[in-house]
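Quick setup: the structure tokens below cover two forms of a single protein chain, split into structure 1 and structure 2.
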Structure 1
């Protein structure tokens, strides 16, 4: 058996490396000299690492879940990709897909998972609890039967003003320029008059004025108020577009957003609380809270979950889509477990030319604070109707990947679009291309991230992960291994955006699914002990038997249990 080399670096707050010392007296471990001047002399990574190719279509076989007391669980799609194309081929940017009529059946869910879906999002603006429960069960069954780790995110409706449903079986309507539409607070029922839209807010007809501009779904269509008749508001379409059920409505007057009434509405409505109870009972992994205006609502929700569902493991995502949230960004992101840049509704509340800078600010702030961030809304909007995206949309996706957001999200493209798999394929392929470009052009330099730890122990973990990522880049390691019980050290490594993929080993199936949202993480379910040498030997044996790693691969290892970094060549 080939010798296995291991190295531990002790750390100081100045982030300098001290002289390496021997990990173990075992003859299996031999000391290596790897000071800065010797890095270039280390063996180069094998040729397995250099190819980035498109993921071929896979037909997943039936899968019997591993007994994690003796085996290891890894996403079957990622495993196939690793075997075929190598470490460097793995996509680091994750993909969230909204599930709707176009993708809710078991066959389509499997096709989307195979094509790269990491998180399935259910939007509580649409459907009822029975429908959402069926989708959640299908995703969980798919995970169990096919060896996948697709997480489920539930998105609350929020208390902002919305359109109602469009009538039985109607998924969209087209508003043409010059047409007169009626927006009414009356319940229309199944016999909805032609060109009539119900509105969720009872005071709508009282608040609007003649000449006000009504913006639908972040600018998908625009109307001008031309007449008020009791509970009905007659509006003329000025910008034609697609009207979708439960779309958000914003009101502008004399070039300014009318927000006084929305500011009086609760962020989490009574319906949202019922939906939250439903989602937690069904075991969703993430709850995305709509129209967050301050950190207080995040604290309120987390306190509610901890007191009523103390044994439930669910993360709270703050959706940044309200102008009020922009003055409280740092407090909101610190309070939440992650954030979503919901550009559609946000773009209806701030000037359009400010949206890109807000997106960049939120993405960078989330990385600094070690919180996953999702860039959402209108990434590939044209693919709702057309099989190919516009070049501008591809550039938009590329910019989000270049900013190194943790995840990209499809909304209408996957929920009710005609080409959900093609839209997903575009996100996957553009992500792979831009990530490869970034790796080829970036020298990785010194990792310069602000300290976020609040305790001595957390500070040490943070320093270890920063140094491990830097070391992996300089040594051109094939992978980073992290053994983590709750996922914190895996998250810290992801924050550093290293060149190589991060294999995150956790005994928790829920933690494994949550980690599937974060940049660069490949989560494995594995029970491990406090004996790191035993853990490593067992992990190497299991991964080699599945063809995921090979003898000679260079691995940098960290763990929750020991404040150390190990550099190991696979025996």
Structure 2
């Protein structure tokens, strides 16, 4: 889709377009204490422009891996950002970048990580296992050598109906108004007859009816079905446009999306299952499932992972892009570990003007249910071709940041665009600017967070996190610290969207990478004990020695092990 837009643009060159420590470890009640007198006002340690200058340095020194039994793993990118700009100015909104030909080499991957990429996404619609394996290995090496925690997300192809390849070397074909094109379920091979396009779905010729509208890539070109001859469907072009290899196809009849036998196609195809086995074997952190229609498929995949790969830590993200998902949003999001508003295909399945409200609904629902949410597709589409975004694109990005989505995603902009780093820096700068504006604007109202815990212990954790976040805001704390094994308490704090950043300490490298997708979390790898006093002393001295925190910083602390809140001024 992105590639198509790029080519269309090139056809239209005129662009119109702190020391009390633990007071109680009793899990049944919570004592809160604040031993601190002079809450300092926060220095404005820096301005936004500083971020940019600092991030021009695109390569990192190689990293001496800390002995995590004694040390603390924090990457140079986070460290530099915290030191340079102060806690308040760290970016809260995370960034997912689709990796493609423009960004797959080791140097570019490093540059993207330095510029703020939190998650690298590989799309199984494109490339082969060899290509994807090489990318995953490069990201892993980067993490090991540079001490980074870039997570990898694998996105399934799903059973969408799409066009075939156009043949060797053919990057696009232009369909003109009035022309008759043949869409056929026969494989065309290398001798593809003129104006003939193969279709991925065998039932296509049976499902279509005369007069149906065939929409390519959500409206980049349109056809009307005029004749059916066995496997061939003759269509007349009504809206001219470019046809790109593997472009998505939807059928419309009397203004509604046609779902016939194609609705029976499995959400996870046999190819997807092979890709999923491949991804898990290669150690991906997230699997994003395309075209999810109901919670069932998510339950199925999660139980498959739990039974077959019980020792693997893989999170499942439900992509909201199918019209059928819209009636089952709550169950789908509850079943999954997170969601993606996949606006590309969503916009091909529902009227475009409905996409913004669905985005808002999914983002708010995810926040309520405590699941990370990614806003994806076409955020900076014009930057595939141009070095500057349109004002409308900047407004779209700022709206997603204002909604406090966990993450923003680049697709074609980073996969095959000409300015992947520039696009990433636009996402960074807009996020920083809007986040600051949001914090400074006291009138953001209160969002009602419903109780989500089912056990009494979870309920206590939830209340502790809600209270800790509120205290941190009222006390204007410099940071929240959370000691968490699987990450749950960190998520609960992130859900409150506090004013200060959340330092999440976890002994698990995979939990650290997974937390990298969540709003406001700065994940550190640290082996900690059940002795909170010693954990805190160690953390303070390690972070102080690296210049990340200073004596006098006000910290609100919670942990998985002890249901308490501590307010501490760094000694």
Ligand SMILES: C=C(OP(=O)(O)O)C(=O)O
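Residue numbers count along the first chain shown, from 1. Rigid core (definition): largest C-alpha set, two forms, superposition within 1.5 Å. As the structure is a computational prediction, the values presented were derived from the model and not from experiment.
Of the two copies shown, the second one, structure 2, is the form predicted together with this ligand. Core-superposed comparison between structure 1 and structure 2: CA of residue 272 displaced by less than 2 Å. Residue 313 shows a C-alpha shift below 2 Å between structure 1 and structure 2 [criterion: core-superposed Cα displacement of 2 Å].
For residue 107, the Cα coordinates differ by under 2 angstroms between structure 1 and structure 2 after the core has been superposed. Here residue 167 exhibits a Cα shift of 3.9 Å between structure 1 and structure 2, evaluated on the superposed rigid core.
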